[in-house]
Every structure is written in structure tokens, then in C-alpha cells.
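The data below hold one chain only, encoded as C-alpha cells and taken in the form predicted alone.
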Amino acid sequence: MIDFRLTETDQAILDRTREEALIARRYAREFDERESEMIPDTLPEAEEFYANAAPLPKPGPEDTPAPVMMALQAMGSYWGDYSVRLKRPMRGGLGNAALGAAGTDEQKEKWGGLLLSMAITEPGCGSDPSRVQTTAVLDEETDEWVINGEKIFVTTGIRADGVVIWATIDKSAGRAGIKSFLIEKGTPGFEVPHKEKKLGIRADDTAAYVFKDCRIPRANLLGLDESIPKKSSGGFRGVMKTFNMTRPLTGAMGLGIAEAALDFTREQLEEAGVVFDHATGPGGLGRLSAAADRFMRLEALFEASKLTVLQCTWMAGQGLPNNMESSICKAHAGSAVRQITQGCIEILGTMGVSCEYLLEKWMRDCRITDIYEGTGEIQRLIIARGLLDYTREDLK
């Protein structure tokens, strides 16, 4: 049976996360307006906060499973701000998840200590990674791969020590020709021209990459098994498994922003004298004001989306297949957070769009959670294929 009730240890950890998030939130507007700069790894208050904070209890076997707790902590952290953290322990990027899912033991040992981004998106290739144009050509004489191409919107692109890049070794083969390669920063031919300027998450570390005749050892093919020539688990299907855990976490991040918007809106409505009657519920035969009815519908949407995320992460913790569920929770959360933040702005009117408050920023920031890790449209295609047994050709 799935049980999402929190233990005292769980609650203590989440309470600490909220305390950290509140401090980080104070810097949200400042770094949003200084988007060309890099956010410091540690905010000024961090040292004092952790010196005075009570030690947290260690989770035990009776506490919430780790994957579910990761999602709940993500919600709590992003409730503060998408980009700013009290302390930024950069343990790993999306590339590290790909390394863990598809890398050989030798590659994990060599690259595991580095912060790795993942570069997929290209100027002419967004939601369909099978259209990747970046090429990897094997130079048999030197036993090196020669990489050429351009990548955009690379998360953690500037801070990262290296990257897992998607490139094709045979354009005519479509997805089958796509492989993943490990490339360290500083490799000749690997350039980082700029930090991206964006609608939302402006302070976030997002970069563009350019590869010009970038040569890397043959062994840098992700998942390469030297004992079996040309065999690699770092192909399209192998690396796509990475997203079965990162997609629900992306949904959790968006829900953290949505919860912040709901909390702020609730406070403003209560100050204005709006009464909520959860016993009656939304649509309660005219007993609620229009503002209260609309707000409670947004709350219900939030709770439904949160449950899809928790179910998916619980399945991951149980070792159950969750490909379908990861797409469901990602698609649902991506849509829900847009509806919630926009709905809160519509309820509050001019207060919602004013830069005096963070609500308009939250609406800009949450948009990314429906775009990366596979857009909502792509997730719905995956769901359709899973439920109806459609092929890729059927959905064209």
C-alpha cells in the first residue's frame, strides 16, 4: 500500500528545507534582475544559519522512501526560488544521471567526481531529439571521435566541468544513430560562447555550447564496453531511461513554485476578507465568492498533480517500471503549474503583475517546467503510445 504520511523525521527535514527556502527567496528578485551574473555558491546568511540550526535526525527504514523525499524536498526548495539556494551543493547535473544510468564502471570512476551537464537541444531541434544534427565521426587513424555542432539551453552549462552530449554517428539511421559522448571542459574545439538570456529562471546557469572539430578519445562514447567492439548502452534508448526519475523531479520543482503562488494568493485573499469553505468545496451552490471558488479549484489541481509526482517517485523507489507514470506526472504538473500561477495572477489583478511581488516572476519561472525534460506535448505522445499501443508512425 502506498502511504504518503510523513514521520517526525520527514517533517523536520521538510521544515528545514522551508527555512532555507525563505532566506533564498529574499534574493530572488535581485538575481533575476542581475541575470548576466552567476549566483554565488553560498549566500551570506548560510554559515550563520547552519551554525545555529539544530542537527537533523537521520532517516530510518520507517521514514518516507528516498525518491519520494527527494520530490518533497524539491517542492520545498523551489517554493523559495527556482534559481537561488542558501547553499548550492552541486553534487551532480543531468549528465551525471545519464552517466549513472548508462556509463561503464570505468567511466563512472573517471567522470563521477565531475559536475556534468547534458547537451541535447539545438537551434533546429527542440522537442524531437531524433533530429539531432550534431555529428560524431570516428577517425580510425587516431581512434578519436570528431564532434561538430551547436547546443543551446544547456542547464548548468557554465558551472559544469564537462558534458554528456547527444550526437549522431549516422543521420540516415534516425534515433538509432544517436549516441552520447563524454567531453570535459577545456578540450580543444569545445567553446562556451555565452550564458543564455531567457523569459524566466533568468539567473539560472544556462549556456550555449559550440563544438568545432572537437576530438575526444573513442572510449568517451558513453557506455562503451571495450571488450565488445562498437557496443554501447549510451544510445538513444539507454540514455532516455535517465528521464524516468528526472521528469517527476522537474514536476516537483514546478509544483514548488505553484505552491508559493497559492500561499501568497491565499494570504492576500484572507486579508481582503475572502472566506474559504473547504467543506462546501468549489462550485458550492453559490455559497462561495467567485474568488474563493476559483482559488479552491486551483488548490485541487495542485493536490492532484502532487499525487501524480509522489506516485511516480514511489514506484521508482520500489524498483517498478515508471516510464508511463513519469510522462503522466511531467505532463500534468507542467500544465498545472501554468494554470495555477496564471490563475493566481488573474485573481489578484494588478497586484499579480506588479514587480513589487514575486508572483509575476513565478509565472515566468514555472514555464520552463513544461518545456525541458520533454515538452508536455511530447509527454502526451508517450502516454498515447503506452495506453493505446500506438507506434511512432501512427502519431505523425
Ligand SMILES: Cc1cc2nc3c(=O)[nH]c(=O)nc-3n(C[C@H](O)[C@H](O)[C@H](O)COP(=O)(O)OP(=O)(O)OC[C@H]3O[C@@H](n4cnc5c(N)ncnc54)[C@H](O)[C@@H]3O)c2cc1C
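One-based numbering along the sequence shown. All of these numbers come straight from a predicted model, not from anything done at the bench.
Keep in mind that the form predicted in complex with this ligand is not shown, yet the notes after this line are about it.
This ligand in the predicted bound form is not approached by residue 190, whose heavy atoms all lie more than 4.5 angstroms from it. Heavy atoms of residue 126 reach within 4.5 Å of this ligand in the predicted bound form, making it an interface residue. This ligand is not drawn, but in the predicted bound form it has no heavy atom within 4.5 Å of residue 9.
This ligand in the predicted bound form comes within 4.5 Å of no heavy atom belonging to residue 15. Contact with this ligand in the predicted bound form, judged as any non-hydrogen atom within 4.5 angstroms, is confined among 197 to 205, 107 to 115, 270 to 278, 312 to 320 to 197 to 205. Among 222, 132, 154, 74, the residue placing a heavy atom within 4.5 Å of this ligand in the predicted bound form is 154.
Proximity to this ligand in the predicted bound form, defined as a heavy atom within 4.5 Å, holds among 265, 83, 308, 121 only for 121.
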